[in-house]
Ligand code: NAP
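Quick setup: one chain, the form predicted on its own, written in structure tokens, and binding and motion questions come after.
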Amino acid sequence: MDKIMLVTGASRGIGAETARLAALAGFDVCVNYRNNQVEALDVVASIEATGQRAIAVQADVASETDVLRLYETIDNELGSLTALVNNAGILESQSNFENISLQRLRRVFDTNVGGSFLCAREAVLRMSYKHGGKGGAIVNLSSRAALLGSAHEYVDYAASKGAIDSMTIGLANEVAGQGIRVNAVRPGLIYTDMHASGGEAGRVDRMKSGVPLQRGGLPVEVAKAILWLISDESSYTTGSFIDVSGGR
């Protein structure tokens, strides 16, 4: 059986590294992106260089119409999905709690929570035994922020990742008998472009002294944890979390 993975938000950072490692593990990969087509195509080229198949599909996971089109494209061009990595996520500029608007909260939750729900739903419809699937694995990207709260910076983002933790546990219990394992990874301070989008590109360097390992993490270090949870090496693991956070 072909191994086929969807990685959302895979044009850069953790998503891109996950897609590349998946190819080395024998997966054909759908590289989902929202805006960065050039970077997504670079990831596709690196996957194809390993001999695996890859496609880049533009879709905003916050849009149900886009998610349905994304999955239809995978069905038609790659085949039956066996793995989903719910990586796509956004945050907005650093802010104290009292300045977070309802509009901002909706934007963050629509992508981080709504997008993950939609993508997981469509994956279950394809992987579960009762729908004719052969099983599979889902890994959700949470964050250490779900436990730490991100006071004075991103309480809305942290709350959205707390919702991902709850979804991971509930979905894992619901589909375990249908051949689907569901787990999550909680990255800590990782060197990605997301910090710049929040208004502080050097955030990891500012905060790394508070990390027991005294450094920020690399996207590939998170990707390796994701690939372990997807792989058969974690065959008895579901509803679990791996913190990739240097001890913080």
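What you see is a predicted model; the values in this text were computed from it and never measured. From 1 onward, residues are counted along the sequence shown.
Just so it is clear, the following notes concern the form predicted together with this ligand, a form of the same protein that is not shown.
Just one listed stretch, out of 184 to 192, 48 to 56, 205 to 213, 22 to 30, contacts this ligand in the predicted complex at the 4.5 Å heavy atom level, and that stretch is 184 to 192. In the predicted complex, none of the heavy atoms of Ser150 sits within 4.5 Å of a heavy atom of this ligand. In the predicted complex, this ligand sits within 4.5 Å of a heavy atom of Ala62.
Residue contact check for Tyr157: one or more of its heavy atoms lie within 4.5 Å of this ligand in the predicted complex. Within this chain, Gly136 is remote from the site of this ligand in the predicted complex, having no heavy atom within 4.5 Å. Taken together, the three residues Ser166, Ile180 and Thr238 all stay farther than 4.5 Å from this ligand in the predicted complex, as judged by their closest heavy atom. Contacts between 26 to 56 and this ligand, taken as any heavy atom within 4.5 Å in the predicted complex, involve Asn32, Tyr33, Arg34, Asn35, Asn36.
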